[in-house]
Every structure is written in C-alpha cells, then in structure tokens.
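Shown here is one chain on its own, the form predicted alone, set out as structure tokens.
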C-alpha cells in the first residue's frame, strides 16, 4: 500500500508541476518577434524559399492564412523522426531516435496495459496482452540501446562533450536504469513487468511477493514522475511555446486584438537596465524610451 501511496503522490507532483510550468509560461511577457523565415505557415510555394506575407502590397488589408496544416506536419516529423537532430547532428540522431521511441513505446504499452486491466471481467484480451508484452519488450530494448549510445556520444564526441552537464548525464542514467530494470522484469515470470500495472491499479494490500527488481523499477518510475516537471525533459510539450508561439508567430498585430493589448502592457514596463543605446536606467517605461527624440529615454534618467 505504501508503494501505491508514493506513486499517487508522484502523480500529483507530476501533473501539478507541469501545470504550474505551463501557467507560468502563459503569463510571461510577450516574446520578441523573430520573423525569421522559412516557417511552416502560409502557402507551400512561399515556404520553399522562405517568403512571407510581407511581400504583398497592402498585406495589412488582406486576410491571413490561419491553417495549421504545415505546422502539424512539421511537428510530426520532429516528434516521430527527430528531423532537427538528423539535419544538424547526424552522429547523435540514431541514439536519440532509439531513446525517444523507447519512451513512446513504454508509455503506449502502459496505456494498453491500463486498458487491459480496466476491461470487464471475462473479456477476451489475448491480443491486447500480447501487444502489451511486445510493446514493453521493444520499448526497453530500444530505450536502453539509445541511452547507452547517448552516454558514449556525450562523453566522447568533441561537439557535445564540452557542454554535457552532470544533470544531463544523471537524466540519461535514470532513463537507462528504468529500461534496464524493465528488461530484467520481462524475464521474471508472472510477477514481471506485464503484471505491474494490474498489481498497482487493483491496490493490493501486500506487494512483498515481487522480486527486488520489481520494487526498484517501480521506485525509479515513481521518482521519474516527480522529477520530470523540474527538468529540461519538459521540452516534450514546451516546444509548443518555442515553436508555435515564438519561432513561427508572425501574425499581424492589426489582426490580433489580444496581442495588441499584450504589447501595450509590455510598453508600460520599466526598463530595468541601462546601456549606451538605452540610458533609461530603470526610471522610464519602454513607451517613453521609444518615444524619446534620441531613442534612449535619456530625458527620463535622473
């Protein structure tokens, strides 16, 4: 029962921590517009050469393409194929791809196992059970191989060795330990990995009949759930903000009243720093800085 309680606490931390992170991001000031092309928006022929609607005369009077088709296609290629890693660091790609697909398949197998447990008593789920077992086996194999490969690359390759942090190594070791203990559980018989979900969901009063590796695997998963919201691994969903809301946001302010209000709030913020070209020194708002004849808000410096 203690195991179930700890997992419940970890789940609360997992969902609460991620929710807080998302809310804090949504409340951040409006981002600095990039407007660096190409981006996956607009007509495909324009995307090919990195064009934008700014090319059209009187663009502010014309409707804007609001379709997200190209964005969805881009995200799917990045999530499923890690296209960015493939294009920029080919030596790292295969190991990163194996690790990510190990994680995807582990989550999928867990969801299928949960569905198997929740099926009505007497329901036929032989195929589903086989899919769960195959999914876990493939997930742990791919994930462990990817983790080991990334540890070697990050420890040896000069391109990433210099900025590989201890936290990054710890994260890889944690994931590798989860996959390794999962593989050991696959050979542990009836008390192995395939029974983990059913044992936990049905709230057993005694979990001591499982092998030690079972408890180690569950403990690692529990720690990972509570640890995840405070790591860089949240890029799994934070990319929405860095892509859709920052890199790809070129929407005309004239067509977005909410964005106009957000920028108006930003203009009333104090300039908290000074430089040769921004001499406000923390006493002027940004609206006063940009309105100053010299362009640096010097008139408000005191």
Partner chain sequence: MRKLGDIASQSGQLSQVPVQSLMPLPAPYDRIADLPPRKVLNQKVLDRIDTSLDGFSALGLARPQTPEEEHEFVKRFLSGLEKLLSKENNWTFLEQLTLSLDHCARCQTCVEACPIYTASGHDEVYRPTFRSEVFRRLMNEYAKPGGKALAWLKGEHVELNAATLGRLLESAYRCTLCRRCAQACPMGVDNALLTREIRKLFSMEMGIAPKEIHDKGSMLQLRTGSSTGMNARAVRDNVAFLDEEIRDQTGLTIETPWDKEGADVLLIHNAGEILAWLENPMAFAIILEAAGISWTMSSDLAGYDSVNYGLWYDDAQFARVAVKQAEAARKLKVKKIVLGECGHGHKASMVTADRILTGDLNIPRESALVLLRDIVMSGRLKLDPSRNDFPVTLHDPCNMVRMMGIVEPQREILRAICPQFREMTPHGVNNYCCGGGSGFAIMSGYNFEDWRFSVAGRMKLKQILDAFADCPSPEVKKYVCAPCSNCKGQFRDLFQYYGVWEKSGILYGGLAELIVNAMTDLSQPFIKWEFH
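Positions refer to the first chain, counted from 1. Note that this is a predicted model, so its numbers are computed, not measured. The term rigid core refers to the most C-alpha atoms you can superpose between the two forms while keeping them within 1.5 Å.
Separately, the form predicted in complex with the partner chain exists; it is not shown, and the next lines address it.
If we define contact as a non-hydrogen atom of the residue within 4.5 angstroms of the partner, is residue 290 a contact of the partner chain in the predicted complex?
The answer is yes: residue 290 has a heavy atom within 4.5 Å of the partner chain.
Would you check, heavy atoms only and a 4.5 Å threshold, whether residue 154 touches the partner chain in the predicted complex?
Output for residue 154 is yes: heavy atoms within 4.5 Å of the partner chain.
Looking in the predicted complex, any heavy atom of residue 64 within 4.5 Å of the partner chain?
Outside the cut-off, so no.
When the contact criterion is heavy atoms within 4.5 Å, does residue 14 count as touching the partner chain in the predicted complex?
No - in the predicted complex, heavy atoms of residue 14 and the partner chain never come within 4.5 Å of each other.
Go through 139-176 residue by residue and record those having a heavy atom within 4.5 Å of the partner chain in the predicted complex; state none if no residue qualifies.
Sequence-ordered list: 154, 158, 159, 160, 163, 165, 166, 167.
Any chance the CA of residue 60 moves 2 angstroms or more between this form and the one not shown, core superposed?
No, its C-alpha moves less than 2 Å.
Aligned on the rigid core, do the two forms place the Cα of residue 31 2 Å or more apart, comparing between this form and the one not shown?
Residue 31 C-alpha, core-superposed: shift of 2 Å or more.
Given that the CA-CA distance for residue 21 and residue 35 shifts by 3 Å or more in the predicted complex, does it become closer or farther?
Distance between the C-alphas of residue 21 and residue 35: shorter in the predicted complex, by 3 Å or more.
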